Ligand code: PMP
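This document opens with one chain alone, in structure tokens, the form predicted alone.
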Amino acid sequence: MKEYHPPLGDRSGLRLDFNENTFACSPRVLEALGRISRGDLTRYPEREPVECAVARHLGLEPAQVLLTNGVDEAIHLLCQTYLDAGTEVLLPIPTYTMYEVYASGTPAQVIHVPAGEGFRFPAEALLNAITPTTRLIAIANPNSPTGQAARREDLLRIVDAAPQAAVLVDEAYFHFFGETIIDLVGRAPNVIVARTFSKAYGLAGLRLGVLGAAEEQMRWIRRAVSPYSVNSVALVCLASALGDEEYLRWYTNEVLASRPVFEAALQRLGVPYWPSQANFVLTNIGSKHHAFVEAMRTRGVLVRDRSADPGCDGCVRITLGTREQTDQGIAALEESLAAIGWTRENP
């Protein structure tokens, strides 16, 4: 089974490394925490009432919604539900690491489908890779670490071409992209959509994700889930976070305003990058990628070295935050490039 070792530990400073909310959760979440009594913590959690609220928020039926302990648990559940000996899972790469981690814990065969030029979504190659034994196709949209997005028409072609497979479209970065296929849940029986509350909502520490799927699929998925995997504190806080749409809009707008500013700074400095549809930008620092990450750290800014990902040699991913944080990140970027002697001619 594949292993995943996130570079945690001391993360003091400006956290532009994990694509989290870089500012804070809604103040209503803290108010909700203050209302939790000692007695509340003695009872097992009940996710169903909050699932009903989430279903309304997403425009789905309660039977089509499952709250999970982060999207990581959701991915694990799908692998346990659909993958068995003699089956295949298709993964466009590079992509989110945990798809392969959980798939490799099953007897299924993992099939890699490399991205196209410029990390373009490999729609045709993915379609050609579908076989009668394909049981799961996992697509992050937008993708991490590249920030690239798949077109809706390409996703529909894949859904139609693989009726025997669950097609997971992981919309973790939906709020920074704005496009979704959640309207297909229930209409296309093999479509499964995942969302997270770790990014725009700022609840990464509470571990909350959600799956949307047709009721007939959800009945199978629920067989694999623990009834208490989402804790009571997370459920209370989620209800409050969903109600503060004004705060969500504010943070999302800050990130969306930061993205062109940061990309313009990269252009000015001559740093190669891939235009992003998410709350991060993948840059190509080249052979000095490790020195760059350390130089940024010494200036109080954390960024993520992704050079070990397929096709990402020399790449560093940088999260976008508020406009003030982006200005801080750009200043550290300029100083760090100068400190390591990086130039566009000598990366």
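Predicted, not measured: the structure shown is a model, and the values here were computed from it. Residues carry their position along the shown sequence, with the first being 1.
This next part talks about the form predicted together with this ligand, which is not shown.
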property	result
Contact check for D72, Y173 and T196 against this ligand in the model of the complex, heavy atom at 4.5 Å	yes
Proximity to this ligand in the model of the complex (heavy atom, within 4.5 Å), stretch among 245-253, 95-103, 113-121, 216-224	95-103
Contact assignment for this ligand in the model of the complex, among S258, T81, S144, T134, heavy atom within 4.5 Å	S144
Contact assignment for this ligand in the model of the complex, among L90, A140, V185, V167, heavy atom within 4.5 Å	A140
Close approach of I192 to this ligand in the model of the complex, 4.5 Å, heavy atom	no
L211: touches this ligand in the model of the complex, heavy atom cutoff 4.5 angstroms	no
Touches this ligand in the model of the complex: H76 (any heavy atom, 4.5 Å)	no
